[in-house]
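Shown here is one chain on its own, the form predicted on its own, set out as C-alpha cells.
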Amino acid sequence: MNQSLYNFILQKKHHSFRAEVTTDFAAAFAAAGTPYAERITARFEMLMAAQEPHILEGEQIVFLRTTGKTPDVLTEEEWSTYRAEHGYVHELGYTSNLCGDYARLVATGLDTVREQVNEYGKREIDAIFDLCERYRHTALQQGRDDIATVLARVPHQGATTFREALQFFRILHFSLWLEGCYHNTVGRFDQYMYPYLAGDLAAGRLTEQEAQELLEDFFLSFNKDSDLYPGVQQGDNGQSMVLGGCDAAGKDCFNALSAMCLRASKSLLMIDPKINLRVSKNTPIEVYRLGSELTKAGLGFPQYSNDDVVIPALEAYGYSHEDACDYVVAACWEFIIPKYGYEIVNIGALNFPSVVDQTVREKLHTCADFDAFMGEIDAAVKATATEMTALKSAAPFLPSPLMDMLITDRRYRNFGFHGTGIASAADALAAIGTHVFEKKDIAPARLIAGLDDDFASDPELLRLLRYESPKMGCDHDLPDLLATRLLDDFADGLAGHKNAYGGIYRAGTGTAMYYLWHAAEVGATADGRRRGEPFGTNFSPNLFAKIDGPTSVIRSFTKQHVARACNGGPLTLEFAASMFQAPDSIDKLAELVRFFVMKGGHQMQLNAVNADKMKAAQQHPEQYAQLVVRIWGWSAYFVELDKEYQDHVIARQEYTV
C-alpha cells in the first residue's frame, strides 16, 4: 500500500483542490430552449474543461475531481413540466444502476468508438481526450514519465497492460459521474481485467506484489470523489464490484485477481468499491474462507449471490443463458445484465405489512376461518402488485452519450420491485392464525382496538403478539410458509404484465430505505410491532424476534420460492465482532455461508458489528471516523449516517457461530 497516498485520501486532503461550480447551467439552458442532449453534452464539456490536473504523491491511477457538486441541466419548473408530461420520472431522471460494456471500450480504445457515435458522443470523447492530454502534460512536467506513457496510449487506443486497463476504466468511470450518470457499477471486474494482469505477470512486467499495490491504488481511486455521489445517505453511491461466479459452460471463474481484490479491500478498510462474491455449490471452501476474512474486517463485504438459484431464475424471466450467466449486481443487490441491460430494478416497493394491516381492518371480522382470511390476503397482495405495474410503466432518462457508448444494445428493459417487511407481515399473519382462529384468545375487535392505540391500553395483547406468537427466523413452518405464500402472491400479481418498453416486472426481497420509510407509514401491526418501530432490513427477521441463532434464520429464509422473487434482496445477518476472537471463527462462518448456499438461499450479506463501539461513536464521532457498517445494500462510515440509520444498525440482532 502507498501509505502516503492512503493517508492523504483518508484525511480528505484532496478536497482542498476543489472549486464549487457557480454556473447556473439550468437557467441558461432554459432561457435558450436548449435540447436535452445538447444540455448534457455542453455541461460535460464545460465541467471537463474546468478540471485541474493534480497528480498525488506516488499515485499510479490518476484523475481527481476538482469541481464540487454537479449543477442540474433542468430548472425545477422544467422538471415539474417534464414529470407531468411523462407521468413518472425515476429518481433524479438521469441514467443510473446500469453496467456498461467496459471491457469492449477498454480493449478497443476511444479513437475507434469515436468513429461509431453521433456528434454528441464525439464531443464528449473529445472533452475526455483534452483532459487526458492535460494530465499527460502535467505528468511530464512533474517527471512522472510512467503516467505520461500510459496516457499516451489510453484512452485513444485499447489497453495492453494491467495498468493501462485500470487507468482506462478510471477515466470512463470518472466521466460517467461527471456527465450525470450515477450509481455507476463496476461489473465483473475480475473477469474483464484478468487477461491484462495475467499478461503482465507472464511477461515479467509486474511482480505479484507490484500488481497488488497497483490494484490498491486503483481501489483508492473510488474513494477520491465518493463524497460527491451520495444517494439516500452518504456512502450510498453504487460503486459495486462483482467477483467470481461461473461462465456459460458452468466453469467456476474465481481467479487470482478475484483473491487480490478481496485482499485489497481488507487491506484498505474503505467503503468503496463494494465487494460482491458470486458462489455456488461447487465453490471451494477456500473461497468462502477468503470472504469470511473480509467479513471479519467489518466492512459488510462481501455480499454473496448464489449462481445455482440466480441463473435459472434469470433464465425463467427471459434472459438468455449466456447473459444470465454473466449477471452482476446493481448499486445494492438487484441482479442486472452488463452490456445489454437498460433496466430499472428499484422502481418501487410493495409494503407487505401495510397490505396485511389494511386487510385486517377491512376483512378479518367477516372471515369464518384462517383459510378464508388468507384468501383475502392473497387477493390484496396480488391486486396491490398489479396496481404498481400500472403506476410504473414508463420511466424516461435524460440522454447520456457516454452510456450510449457503453450500452449499444438495449436488449433488456425490465423493471424490478422491492418487497418490504416480509417478516413483519408473515409474523402478523402467523399471530392472527394462532390467536384469532386457532386459540381464539384474541377477538378481531380487540386486535384492531389494540392496533389503533398502539397497545397502550392492552399490554397483554402486545405480549401475546410480540412474544407468544411464531416468528420468522426460528425455523417455524407457520410464518415461514406464510412468507412463501406472500412472495408467491407478489410474483403472481406482477406476472403477465409488461411495461411500456415490452419488459417484465420482477418481484424482490430487498427493502432499500423502505425499511424506515414504509414502517413510518404504518402504525402498530399484528406481529406486536409498535408504531414507529422499523422493519427488519431486506430479507431478515423482525428486530425484536427471539432467535436461537443464525442456523435457524437460514432454515427459515430458505424455504421460500426465492427464484420467483429474484429481483434481489439478501438475507441480512449481523455478527458480534467479538465472535472473531475465536480461532475457528473464520472456518465456522465459511461453513455457515456454504450451508446457506447448499440450502438454496439466493443472496446473503453479513456484517460484523460492535454495538458498544457504535454507541460510543454517536457520542464521540471524531474518534470513529473510519468505523464502517452495512446499511442495506451498501456500506458507509457510521458517523456520516443520520441517527435513524445508526440506531437501526445498533438494534439489529447480533449472532455468533
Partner chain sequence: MKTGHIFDIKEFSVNDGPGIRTTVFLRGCPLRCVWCHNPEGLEPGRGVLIRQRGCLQCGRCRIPCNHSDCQGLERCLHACPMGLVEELGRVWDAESLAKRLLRDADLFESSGGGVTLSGGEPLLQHEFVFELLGLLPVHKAVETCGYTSADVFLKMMEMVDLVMLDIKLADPGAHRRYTGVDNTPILENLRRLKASGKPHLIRVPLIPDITDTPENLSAIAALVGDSPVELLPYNRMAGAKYPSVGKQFTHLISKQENNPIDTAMFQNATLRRDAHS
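Quantities reported herein were computed from a predicted structural model and do not represent experimental measurements. Positions refer to the first chain, counted from 1.
The form predicted together with its partner chain is left out here; the points below concern that form.
Evaluate Gly549 for contact with its partner chain in the predicted bound form, applying a 4.5 angstroms cut-off between non-hydrogen atoms, and reply yes or no.
-> It does: once its partner chain is placed as it appears in the predicted bound form, Gly549 has a heavy atom within 4.5 Å of it.
Close approach of Asp475 to its partner chain in the predicted bound form, 4.5 Å, heavy atom | Yes, Asp475 sits close enough to its partner chain in the predicted bound form that at least one of its heavy atoms falls within 4.5 Å.
Is there a heavy atom of Ala37 lying 4.5 Å or less from a heavy atom of its partner chain in the predicted bound form?
-> Ala37: no, not in contact with its partner chain in the predicted bound form.
Find out whether any non-hydrogen atom of Lys613 is located within 4.5 angstroms of its partner chain in the predicted bound form, and reply yes or no.
-> Contact with its partner chain, no.
76-84, 514-522, 465-473, 204-212: which one contacts its partner chain in the predicted bound form at 4.5 Å, heavy atom to heavy atom?
-> Residues of 465-473 come within 4.5 Å of the partner.
Interface residue in the predicted bound form among Asp146, Glu91, Glu460, Glu438, criterion: non-hydrogen atom within 4.5 angstroms of its partner chain | Going through each option in turn, the one that passes is Glu460.
From the list Leu589, Val597, Val629, Leu47, which entry has a heavy atom within 4.5 Å of its partner chain in the predicted bound form?
-> None of the others qualify; the residue that does is Leu589.
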